[in-house]
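As a starting point, one isolated chain is supplied in structure tokens, in the form predicted on its own.
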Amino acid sequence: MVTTNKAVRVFAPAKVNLILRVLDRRPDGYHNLWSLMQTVELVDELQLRLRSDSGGLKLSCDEATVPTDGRNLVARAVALVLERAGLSVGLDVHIAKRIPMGGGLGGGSSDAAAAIIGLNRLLGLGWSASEMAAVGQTIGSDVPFFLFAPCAVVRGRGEAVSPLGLTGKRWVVLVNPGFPIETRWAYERLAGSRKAVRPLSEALGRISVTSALSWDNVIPLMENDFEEALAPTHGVLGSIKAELMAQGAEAALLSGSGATVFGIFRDEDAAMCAQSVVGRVEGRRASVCRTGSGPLSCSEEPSRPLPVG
């Protein structure tokens, strides 16, 4: 029996790809990936509330450019969960959006994972993380990762997730240049710009079978296959990376297929200083946050109407 007028709140963190290798093309047209992903404390917030009717999903967002129809991954996640659970309910979902769209930070995927977690709690489904990930992998390559956050090696199309511990703390400066990069276009650019796929290094092979790493282990290995492919058309990304390194970053890298570039710093003061310098360019959006978030958490909320719009 589903209890109506019950509400939950779920925090959906952004991610950065500390390592991103794009490997061979799969028979289904997608590429096999090898990535070390880490969440950062830049979060969207989802509120979900069951209604007493069975009128389906009403989705709203405080960011006007975010679609609230079937294009939104949250809408797709809700539909798949209800289909798998064999339920028809009335549901209000509101997204407080903080993660930039098209930025390579996985905001849409994190929101979808948060919706799955929230519905699992609201409907009392009792699904494990693996069961929720089975739903998530049909929505987007990054969705399963967020169900095992905060740090994991992700392989295949994104469905193979191996959580690991990344010891220590770092601060991250996220710099969005003010424009998105469409993921499909980035993959086409990558495929057209390289003659062969580099095999995984022995170092990455060792990471694949470990359960814990330190930042000192990871930083020398940081790389992203999209950087070289996008350099001829998006030179500003390389410029931002160089600026972050000049401000004392231990490493700087493009996240995902872009367009956000991030720098890793040992302490908050150095990160704040770098943000003030690199982020002063008009059109850029720069923020500072800690790495890590813990698993996506879900808390019950008092029964009240959710924001609209």
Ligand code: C5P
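Start at 1 with the first residue shown and count on from there. Note that the structure is predicted; figures quoted are calculated from it, not measured.
Unshown form predicted in complex with the named molecule; subsequent notes refer to it.
query: Counting only heavy atoms and a 4.5 Å cut-off, does the named molecule in the predicted complex sit next to every one of Gly29, Leu33 and Arg184?
result: Yes: Gly29, Leu33 and Arg184 each sit within 4.5 Å of the named molecule in the predicted complex.
message: Only one of 163-171, 210-218, 136-144, 112-120 has heavy atoms within 4.5 Å of the named molecule in the predicted complex; I'd like to know which.
response: Of the options given, it is 136-144.
Contact assignment for the named molecule in the predicted complex, among Arg194, Arg84, Arg157, Arg98, heavy atom within 4.5 Å: The residue from Arg194, Arg84, Arg157, Arg98 that makes the contact is Arg157.
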